[in-house]
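Next comes just one chain, in structure tokens: the form predicted on its own.
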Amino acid sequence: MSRIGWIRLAVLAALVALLETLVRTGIIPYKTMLPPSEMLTALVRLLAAGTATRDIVQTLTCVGAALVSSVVAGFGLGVAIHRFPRVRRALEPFFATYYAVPFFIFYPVLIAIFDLSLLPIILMGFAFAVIAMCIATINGLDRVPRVLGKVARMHRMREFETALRMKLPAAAPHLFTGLKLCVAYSFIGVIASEFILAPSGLGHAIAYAYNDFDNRTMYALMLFVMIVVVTLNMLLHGWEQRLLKRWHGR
């Protein structure tokens, strides 16, 4: 692990220790929040009992479907829009206001169309994440130096080879940023949708535990979601660093 990685880990540990102290000393009321150690204990017991397995599998399945579809569609849409400047100029106001739209008002409409299936939940996660990947792709392609195109033409490289060996490494930091945003937005869209009307899933389980004053289950499931998201982003960050070192010959 790099020095920056150790610093991040130390900051995270300090924040967890601070929260533990605030709850144990009563500064944060025990009825409001559990100490992190008790959250972890409750999570281990919940996973061992298997009572949340079905909800976890459903949510992760929906997030995976929303993530993959949003990354593929967002990347393809970003590449297409980047090639047509007039289309891009027409869509820029839409991109600027996209996340101001309250997407969840459409959830009942999706249920009326697709019934109480997983598809409306996946579509909500997709809608949240796809534009983030699209914008990241456009920004990444904007920052590809023009000299790379001249170098490719000098070496008579084909368009696919130019994109793979020249443009993709140059745009990679922005593409990985879009990918990491898609992870977060997919989780937000899916779990928030499950909060509303879904009969199962982690969002439904968290909402049910909240309404039942079951803080242990609620915080245990919230901790599980945070661990999964942070782990995925750490893995993506590590993958990004390895690819960048390989592409830049470091």
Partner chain sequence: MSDAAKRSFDILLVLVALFAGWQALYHVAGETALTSPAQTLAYVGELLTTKGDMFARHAWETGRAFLMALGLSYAIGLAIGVALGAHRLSGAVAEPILVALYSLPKVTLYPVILLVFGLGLSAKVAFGAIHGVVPVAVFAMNAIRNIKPAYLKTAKTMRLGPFQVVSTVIFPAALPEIVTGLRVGFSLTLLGVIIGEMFASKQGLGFMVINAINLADVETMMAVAFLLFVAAAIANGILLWIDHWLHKRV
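Whichever C-alpha set is largest while still superposing within 1.5 Å between the two forms counts as the rigid core. Keep in mind it's a predicted model, so treat the numbers as computed, not measured. Residue numbers count along the first chain shown, from 1.
Below, we turn to the form predicted in complex with its partner chain, even though it does not appear here.
- Checking L40, V68, A207, V57 for any heavy atom within 4.5 Å of its partner chain in the predicted complex turns up a single hit: A207.
- Taken together, the three residues T97, A184 and N215 all come within 4.5 Å of its partner chain in the predicted complex, as judged by their closest heavy atom.
- Put simply, Q241 is far from its partner chain in the predicted complex: not one heavy atom of it is within 4.5 Å.
- The closest non-hydrogen atom of L19 lies beyond 4.5 Å of its partner chain in the predicted complex.
- Taking the partner from elsewhere, L47 is found to have every heavy atom lying beyond 4.5 Å of its partner chain in the predicted complex.
- In the predicted complex, L236 stays away from its partner chain, with no heavy atom inside 4.5 Å.
- Scanning 88-116 for heavy atoms within 4.5 Å of its partner chain in the predicted complex gives R89, A90, L91, E92, P93, F94, A96, T97, Y99, A100, V101, P102, F103, F104, I105, F106, P108, V109, A112, I113 in sequence order.
- Once the cores line up, the CA of K31 ends up 2 angstroms or more apart between the shown form and the other one.
- V72: CA moves less than 2 Å between the shown form and the other one after rigid-core fitting.
- Relative to the superposed core, P93 shifts its CA atom by less than 2 Å between the shown form and the other one.
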